[in-house]
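Just the one chain here, the form predicted alone, laid out as structure tokens.
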Amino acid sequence: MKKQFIPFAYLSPTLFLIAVLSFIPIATVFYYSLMDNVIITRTDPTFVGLSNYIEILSDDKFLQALRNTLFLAIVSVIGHFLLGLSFAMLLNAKTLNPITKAIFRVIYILPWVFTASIIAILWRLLLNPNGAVNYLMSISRLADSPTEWLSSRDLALNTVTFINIWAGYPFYMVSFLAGLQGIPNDLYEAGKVDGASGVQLFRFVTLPQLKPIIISLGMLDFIWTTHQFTLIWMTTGGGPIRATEMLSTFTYKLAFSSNEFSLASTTAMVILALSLFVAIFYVRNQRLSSE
């Protein structure tokens, strides 16, 4: 019995920190989601059961935020994959000399160097009606008048999605580049001997070898993007008229603008459930890969 408990004794400090920083806050938020009049209130909290969940799931504002979040996450994952794989294959090409590869690596990795707040400020300046993007479009006669990229209900969601793709593709690129460099050359040589074309080598050699990385990156990126807050808050704030409202900004406004902490806790639990749903598949994929 003593030998069995020794590992847990070594792990106890970490388990204590995880409990304090994760389990207890999650349990507290779940408790708030089942109550009414919590945190800032003159009356005692009252138990309302699943009423908050029914109210949130039938709220049009929440459903719009959910749709926007899913759009941002799905399109961002696809964009990150296409850009990351394209640039990784370019940097892995044997036709480029080492100096050229080094220059391109520095250029392509730049978005990953900036924090989300810097990226938001940078793109707000670039996409300002009097900014560089509108100026270049005017002198090239692509637009007759300045475009409200972040203030138009028709363009704002697509614009922040583009910014998020630009900011996140380097992570895919670095991961795919490491995966490409780990593929044995014997597989490509065997394919060439069998008469396979470049497209066939990519389809039947490159993609299958990168499949574990693709699945892992896609699931992690989806979870991370559904939690995106800083970029959205500092570019559009969820506007105009909730056109870019995400679950993260919706929860923040419920808690700290409307003081609806019970409903905000309910929304947070919905986000947690959505993330856990994807995380379960990620853990299963990692377990199958290790086996």
Partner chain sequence: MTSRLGTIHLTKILLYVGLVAGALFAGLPVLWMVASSFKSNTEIFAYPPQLIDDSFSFAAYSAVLTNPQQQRFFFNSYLVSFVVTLFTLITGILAGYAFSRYDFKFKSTLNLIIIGVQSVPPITLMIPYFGLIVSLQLYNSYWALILTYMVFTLPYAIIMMTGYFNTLPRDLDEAVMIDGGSSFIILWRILVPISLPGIVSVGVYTFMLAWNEFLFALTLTRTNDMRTVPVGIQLLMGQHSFEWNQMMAMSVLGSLPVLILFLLFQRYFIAGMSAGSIKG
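Rigid core here is just the name for the largest C-alpha set that superposes within 1.5 Å across the two forms. Everything numeric in this text was worked out from a predicted model, so none of it was measured. Positions refer to the first chain, counted from 1.
Missing here is the form predicted together with the partner chain; even so, the following discussion is about that form.
Quiz item: Tell me, which of L125, L207, L142, A190 has a heavy atom within 4.5 angstroms of the partner chain in the model of the complex?
Solution: Exactly one residue meets the criterion: L125.
Exercise. Choose one stretch from 103-111, 151-159, 195-203, 68-76: the one whose residues place a heavy atom within 4.5 angstroms of the partner chain in the model of the complex.
Key: Stretch 103-111 is the one.
Quiz item: Quick check: do I54, F81 and F281 each get a heavy atom within 4.5 Å of the partner chain in the model of the complex?
Solution: Not a single listed residue reaches the partner chain in the model of the complex, so no.
Exercise. State yes or no: in the model of the complex, is some non-hydrogen atom of T95 no more than 4.5 angstroms from a non-hydrogen atom of the partner chain?
Key: T95 belongs to the contact set for the partner chain.
Quiz item: Does F62 reach the partner chain in the model of the complex if we count a contact as any heavy atom within 4.5 Å?
Solution: Output for F62 is no: heavy atoms all beyond 4.5 Å of the partner chain.
Exercise. Considering only heavy atoms, tell me if S258 and the partner chain come within 4.5 Å of each other in the model of the complex.
Key: The answer is no: S258 has no heavy atom within 4.5 Å of the partner chain.
Quiz item: Contact between I26 and the partner chain in the model of the complex at 4.5 Å, heavy atoms?
Solution: The answer is yes: I26 has a heavy atom within 4.5 Å of the partner chain.
Self-check item: Residues in 113-138 close to the partner chain in the model of the complex, defined by a heavy atom within 4.5 Å, in order
Solution: The stretch 113-138, when checked against the partner chain in the model of the complex, contributes V113, F114, T115, S117, I118, I121, L122, W123, R124, L125, L126, N128, N130, G131, A132, Y135, S138 at the 4.5 Å heavy-atom cut-off.
Self-check item: Large Cα move at S140 between this form and the one not shown, threshold 2 Å, rigid core
Solution: After core superposition, the displacement of the S140 C-alpha between this form and the one not shown reaches the 2 Å mark, so yes.
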